[in-house]
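Below, in structure tokens: the form predicted alone, a single chain.
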Amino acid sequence: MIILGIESTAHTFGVGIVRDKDPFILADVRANYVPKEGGIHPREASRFFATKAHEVIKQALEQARISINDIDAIAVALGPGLGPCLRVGATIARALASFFNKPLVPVNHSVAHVEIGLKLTGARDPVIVYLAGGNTMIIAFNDKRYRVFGETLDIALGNLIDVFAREVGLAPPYVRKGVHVVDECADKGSKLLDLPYIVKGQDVSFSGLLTAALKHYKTGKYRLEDICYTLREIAYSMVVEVSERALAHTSKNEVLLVGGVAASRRLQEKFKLMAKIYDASVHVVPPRYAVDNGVMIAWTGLLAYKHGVVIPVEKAVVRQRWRLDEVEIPWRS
């Protein structure tokens, strides 16, 4: 079975092609929208996707050395994400499915991050820590769904460090040689400043930390390196705290880190120290597949399609706020 997956939820238009035997990845092609300044402009990103989509799809088919006729189904991320960006991917997926008479498989972007992490790391039943630009969630599978054991009450961890980096002039680009600029800056700091640490039950809040860090920067009294160091240490520790309670509550012996922020070496160090207390193992999705990509959509689409999850073309509408815990997972027990 061969599935083509389309990802277009934010800054990446990605096309992945996978099959149900190893090596399972046949193609992985991406076009990344990089704003000249500021954050992602959804309409500009969507226009960029529209101009690059045909090239990316063509390159993916060439990379896989197959034709569209060899594809068994089209999988597409219908949410969560940025509306204009999602609509480009959905429109293209509907067109391909309709014109070539292929089944269409709806995929939740967040679920796809989890599934590619499980596939690539070999983790079996972990507490999943999903950390990205738009999501911060502590998750575990139970009774046919991924259940949320804690999440951000406002902005996501990835959004926190991206906005801070942009406001203080460290970015764009946000990542250099695989290291986020805030991590890079924090490695040069050593003094822990007075910034808020906000954990409410099993949830975290980052907006107050961001505001306070920017206020410290604007006073000019503190070294930027020390502000980055404090911001990073507090934010990461907050996530580790709520993850530790989820690990204790579920009695699981694995932790899986997924999403773009999972690439942080310092974050991984903190999780390994925490997991050691519980004799648990820590799994980290490889950096290339921690960020948005078409392979994770294709792989999740393959799992879903094998269990009869398809959608009529006319009902394949985008859902910007499609939560992970709303999705039934028939392929996992």
Partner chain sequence: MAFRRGGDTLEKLELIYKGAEAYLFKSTFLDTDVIVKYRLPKPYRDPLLDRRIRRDRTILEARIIARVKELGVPVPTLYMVDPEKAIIIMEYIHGIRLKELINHANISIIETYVREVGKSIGIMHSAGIVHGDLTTSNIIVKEDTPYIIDFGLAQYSDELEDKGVDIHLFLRSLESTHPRFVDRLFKAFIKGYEEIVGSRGKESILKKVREIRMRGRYVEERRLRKQ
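Since this is a predicted model, take the numbers as computed values, not measurements. Positions refer to the first chain, counted from 1.
Just so you know, the form predicted together with its partner chain exists too; it's not on screen, but the next bit is about it.
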property: Partner-contacting position among Ala95, Val179, Val240, Leu214 - heavy atom within 4.5 Å of its partner chain in the predicted complex; result: Val240
property: Leu195, Ile155, Cys185, Ala171 - the one with a heavy atom within 4.5 Å of its partner chain in the predicted complex; result: Leu195
property: 4.5 angstroms heavy atom contact with its partner chain in the predicted complex for Ile234; result: yes
property: Gly122 within 4.5 Å of its partner chain in the predicted complex, heavy atoms; result: no
property: Distance check, Ile277 to its partner chain in the predicted complex, heavy atom within 4.5 Å; result: yes
property: Heavy atom of Ala248 within 4.5 Å of its partner chain in the predicted complex; result: yes
property: Contact stretch among 266-274, 53-61, 66-74, 27-35 - heavy atom within 4.5 Å of its partner chain in the predicted complex; result: 266-274
property: Candidate spot Gly201, Tyr229 and Arg323, all three touching its partner chain in the predicted complex (heavy atom, 4.5 Å); result: yes
property: In the predicted complex: members of 42-69 within 4.5 Å of its partner chain, any heavy atom; result: none
